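One chain follows as structure tokens, the form predicted on its own.
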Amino acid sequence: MKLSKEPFHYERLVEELELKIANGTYKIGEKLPSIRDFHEQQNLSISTVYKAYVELEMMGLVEARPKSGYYVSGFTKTLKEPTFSLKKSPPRKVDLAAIIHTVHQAISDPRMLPLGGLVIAPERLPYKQFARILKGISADLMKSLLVYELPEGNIELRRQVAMRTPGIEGGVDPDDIIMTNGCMEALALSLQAVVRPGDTVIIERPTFFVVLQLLEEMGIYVIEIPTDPTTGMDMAALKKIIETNTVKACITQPNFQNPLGALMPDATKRDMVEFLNSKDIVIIEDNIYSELYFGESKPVSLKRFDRKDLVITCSSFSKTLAPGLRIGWVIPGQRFKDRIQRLKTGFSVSTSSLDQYVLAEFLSGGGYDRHLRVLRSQVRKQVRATAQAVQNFFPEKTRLMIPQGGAFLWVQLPDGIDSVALYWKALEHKIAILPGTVCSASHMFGNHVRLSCGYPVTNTILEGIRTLGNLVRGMDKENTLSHRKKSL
């Protein structure tokens, strides 16, 4: 019996110490209680405490010092970008570089080391459960699944999504949800319901590059708002921009923003929604990463604070269950429901009946929460291990910050390192990364990259990160030599 309980105690201690390090109870550089002290204070076996410390060391949270003990380790934080002059930031059209098309190909290429695209490793997903559900489909049921589903989606799947959307005033019913072909279709439908070519929308800086592509194709003007890597969009800048520009909508990712990983505090969420409500400006909320939280509870949606039915929330199962099934949804509110439903019908008619059935069966079987608990733990460790590898292999001036959720890292390279040049060099080594410059309409973040943490950190992944680090070191050395020659 003691052996069966050991993993539970060990994992619980890891989570407890990780939380205390995150909230500052144990500060960077501070010595942790000795293994023997923990053993005596918490009545845990010495092997349990030792295994927990080793796990924390692998995650980069603690470091062992010979003959001294274990100490809290820290990662250097991302430098904030200089706040741009609001007076010199008029609305601009999105004009992405041609490289964006090769980036799409590279991050989707199975021959590349998967450090570019934000996809969870298939072995982390419940593929066996899906296979059992598919095997259990009778011929008659399969026949019924070959016809078009309702445009708004499978009723059972919508019921399951509604059950997982608590905390919104008035509640969310199945009829309040429209299923879509992934989160991007949800975002596209929401934008089409609200804006027209030539209109201006607020976006975060940096932001998800596929959203920039969508805005470019729609002919939408954008104003970028500086976004803090910890707390999200700068509210002071947002308010100043709104007071001096005509804005139709604001697109934001308040929960684990892509690519920064920022988590907007609840007070800031309330402030944002109340302010934009007062200006009758629509918020299109991308909430796709909210289930991949590393803390104690799921962060709240902006929709919770909406009092004027002006928040449209979009999400999908692509980051937690099955990216290939392309099942997403939008909660449009009554104000935009009819418009988005008509657009959905005209745009794609409906979403796959078979795919929706499989997900509905899996969710109704009660396995999703268990899957999420395991997945969150795995992804949290992968993020930590990737960050530790970057810290070990990249030049000292490399900076990053551990997010509180999501499955990616935003890495700031030493000054003078061109992330696009690094991207091309990495491709030669069969490594896919995302250069930061594609995450901004103003082509900023030229020395940043986003790294995916969706796969287990195997020796192959570690070697890939080591190779990237060597490439960056070589580029940094070339820059240093070049500067010296110029100064002579």
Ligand SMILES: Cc1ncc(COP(=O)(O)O)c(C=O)c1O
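Sequential numbering from 1, following the sequence displayed. Bear in mind the structure is a predicted one, so any value in this text is a computation, not a measurement.
This protein has a second form, the form predicted in complex with the ligand, left out of what is shown; the following refers to that one.
Out of the listed residues 227, 253, 351, 190, 253 is the one that sits within 4.5 Å of the ligand in the predicted bound form by at least one heavy atom.
Exactly one listed residue, out of 182, 114, 232, 153, brings a non-hydrogen atom to within 4.5 Å of the ligand in the predicted bound form: 182.
When the ligand is considered in the predicted bound form, residue 289 lines it closely, a heavy atom lying within 4.5 Å. Contact annotation: residue 313 falls outside 4.5 Å of the ligand in the predicted bound form, judged by heavy atom distances.
Shown alone here, residue 301 lies farther than 4.5 Å from the ligand in the predicted bound form, counting heavy atoms only. In the predicted bound form, no heavy atom of residue 162 sits within 4.5 Å of the ligand. For the three marked residues, 413, 466 and 473, no heavy atom of any sits within 4.5 Å of the ligand in the predicted bound form.
The partner is not drawn, yet in the predicted bound form one stretch among 359 to 367, 272 to 280, 253 to 261, 240 to 248 has residues with heavy atoms inside 4.5 Å of the ligand: 253 to 261.
Along 118 to 133, a non-hydrogen atom within 4.5 Å of the ligand in the predicted bound form is carried only by 118.
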